[in-house]
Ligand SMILES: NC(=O)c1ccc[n+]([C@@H]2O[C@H](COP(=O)([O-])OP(=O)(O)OC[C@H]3O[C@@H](n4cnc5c(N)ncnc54)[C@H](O)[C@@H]3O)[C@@H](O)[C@H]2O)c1
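The chain below stands alone, shown as C-alpha cells; this is the form predicted on its own.
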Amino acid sequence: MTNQFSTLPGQLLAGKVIFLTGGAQGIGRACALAYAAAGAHVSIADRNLAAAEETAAALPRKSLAALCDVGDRASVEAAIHRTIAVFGRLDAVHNNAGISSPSSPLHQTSEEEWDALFQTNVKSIFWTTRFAVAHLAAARGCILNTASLVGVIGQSQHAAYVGTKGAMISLTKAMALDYASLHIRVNAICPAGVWTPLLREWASQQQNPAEIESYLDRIHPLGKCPEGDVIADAAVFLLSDMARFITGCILPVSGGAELGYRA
C-alpha cells in the first residue's frame, strides 16, 4: 500500500499558515526560512518590526511581518487577527519568542527581571492560545513551543529562565490533553546550546566569555554547538502531517547533551 504521507521535503507544509513569534532572528529566523522552504506561509510576529520585515522579504513565498509584543494582550490579538485577515486561515502557532536575562541565582534576580521573563516566555503562550485556538481547531492545526533542555535538567546561575522553560514544558503537556478533543496537537522542542543572539548575550555575561564557545561545543556529545537550522528541521517535522500522531512530546534537539556520565 502506498504511504500517502511520503511527501517531498518542499511540500511538507504546503499551503499551511504559521504564526511564528520571535521569528526575526536566531532560531525563529531559521524556522521561518525552513517553514517557507517546506511550502508554508509564515506570519513573523516580532517586536523588532524592521528585522521581521527583513526576514519576511527573504522568504520565497507570501509572508507577513507583524509588530508584536508577545507579553501584551492587545498586541498579540492584533497580530493574530491581521494574520487571519491576510491569509484567511491559521494552521499552526509556534511560540518561539523569549528572553534569557539575567544570568543569576534566584536571590540575585530582581522582581522586575522575574516578571519580564515570565511575561515574555510564559504568559505569551496564554495570549497566543487564547486568540488562536478557535482558528487552530477549524484547521485541525497544532502548537509548537520552543522550550529548552534546561527546563528538563536544570542549569546553574539561571534560575528564573529555567523556571520559565519548566513552566512551558508543563503547559505543553496540559495543553496537549486539553486540546486533543479539538484535534489540535501541542508539542515542545528543547534545544541545548544553539548559536543565536540570545545565547551570545548569555555567554557575554559569564565569568570567562572567551572559554564559552569551547564549553558549548564540549557539552554536546555530537561535538559542536549548532546553528538554528537543526532546530528548524525538527520544527518542520513536528508541524507537518508526518507527526500527525504526536502530541505532548518534549523533543530534545540537543546533540545528546542530556545523556549520561561523560569523561
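Just count from 1 along the sequence shown to find any residue number. Every value quoted in this text rests on a predicted model; they were computed, and no experiment measured them.
The same protein has a further form, the form predicted in complex with this ligand, not shown here; the description that follows concerns it.
Across the options 233 to 241, 39 to 47, 204 to 212, 56 to 64, residues that bring heavy atoms within 4.5 Å of this ligand in the predicted complex belong to 39 to 47.
For the candidate set 99, 138, 152, 180, a heavy atom within 4.5 Å of this ligand in the predicted complex is found for exactly one residue, namely 99. Out of the listed residues 172, 103, 129, 120, 120 is the one that sits within 4.5 Å of this ligand in the predicted complex by at least one heavy atom. Proximity of residue 13 to this ligand in the predicted complex falls outside the 4.5 Å heavy atom cutoff. Contact annotation for residue 193: at least one heavy atom lies within 4.5 Å of this ligand in the predicted complex. Interface membership of residue 24, defined by any non-hydrogen atom within 4.5 Å of this ligand in the predicted complex, is confirmed. When contacts are judged by a 4.5 Å heavy atom cut-off, residue 33 does not count as touching this ligand in the predicted complex.
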